[in-house]
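Just one chain is shown here, as structure tokens, and it is the form predicted alone.
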């Protein structure tokens, strides 16, 4: 009952006594009840004391150098974003770069001639953005703001937004919420957005036994464990994990046999920032064993500039992983057979599952 009030009151550091007294005064509830709720929040790590060491968070993850090395090594991804920036930026533009990382997009926008660039980066990489701007002679036109974009303000609204907050699950880094918040508080009404559209596709696939068994309780696994340990693990073969996808490297995903043509299952037009998701059907183009649904995405960055993560055509340097939704029990499908599925938007993720 009091959890949200306590968390809201801790948006800035405060003392325990002031916190409990303040919430009690507003809610007129029992002091002991509020104190018990407070201790529960502390015990579960939702509130930290001044001396409590910070645990690993998204901020720590994004300060991890190998993450940024992988992104910069994705040559097509970086070049396409920079090309879109050059195609969109004018000398009058104020550019906002959310999730700046090393600063490559922010510096790219400044070099493309933007009047000013605001680079928002929550992690310690914010210092690297400043260094990169200085090294490239644009420090006077790049302002770095450290923190989450949803908690920062700008002195003037931006006319162009660039954000590469796109994960292996394309919506998993909260790009929909980030863009919606930026449009409300940080952008002009007619601001352009890079990317301006994101589309998710899916197709049927056959998966080799060895790969499938590595990711699910298959007959091969359960039989081996039963022999090795003298315990019947057969019941695990019926446990399904369809709601949680597996992620595959580009080369591994490209080796899978495609049993159907891809179809559009949903996406986001960032002009409206509303995920559009509907039921869909996949039609087997040949007979084969249906093991999984593969999903990938495409992002439209600017007119004529699109990035695709479809395994069979994506760049060899593609750093995004491919999502694989394994069936609990593989089955044979005939050419022309229709598999009906649905996609839903849940907790900043796209979930693909059988229709109910």
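Owing to the predicted nature of the structure, the values given are computational and were not obtained by experimental measurement. Positions refer to the first chain, counted from 1.
There is also a form predicted in complex with a small molecule; it is not shown, and the following applies to it.
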Taking any heavy atom pair closer than or equal to 4.5 Å as contact, tell me whether residue 149 reaches the small molecule in the predicted bound form. yes
State yes or no: in the predicted bound form, is some non-hydrogen atom of residue 289 no more than 4.5 angstroms from a non-hydrogen atom of the small molecule? no
Considering non-hydrogen atoms and a 4.5 Å limit, does the small molecule approach residue 310 in the predicted bound form? no
Is residue 104 part of the interface with the small molecule in the predicted bound form - any heavy atom within 4.5 Å? yes
May I ask you to choose, among 165, 159, 199, 221, the residue with a heavy atom within 4.5 Å of the small molecule in the predicted bound form? 165
Pick from 268, 110, 122, 282: which has a non-hydrogen atom within 4.5 Å of the small molecule in the predicted bound form? 122
Out of the stretches listed (227 to 235, 208 to 216, 184 to 192, 91 to 99), which one is close to the small molecule in the predicted bound form, meaning heavy atoms within 4.5 Å? 91 to 99
Within 4.5 Å of the small molecule in the predicted bound form, do we find a heavy atom from each of 68, 71 and 77? yes
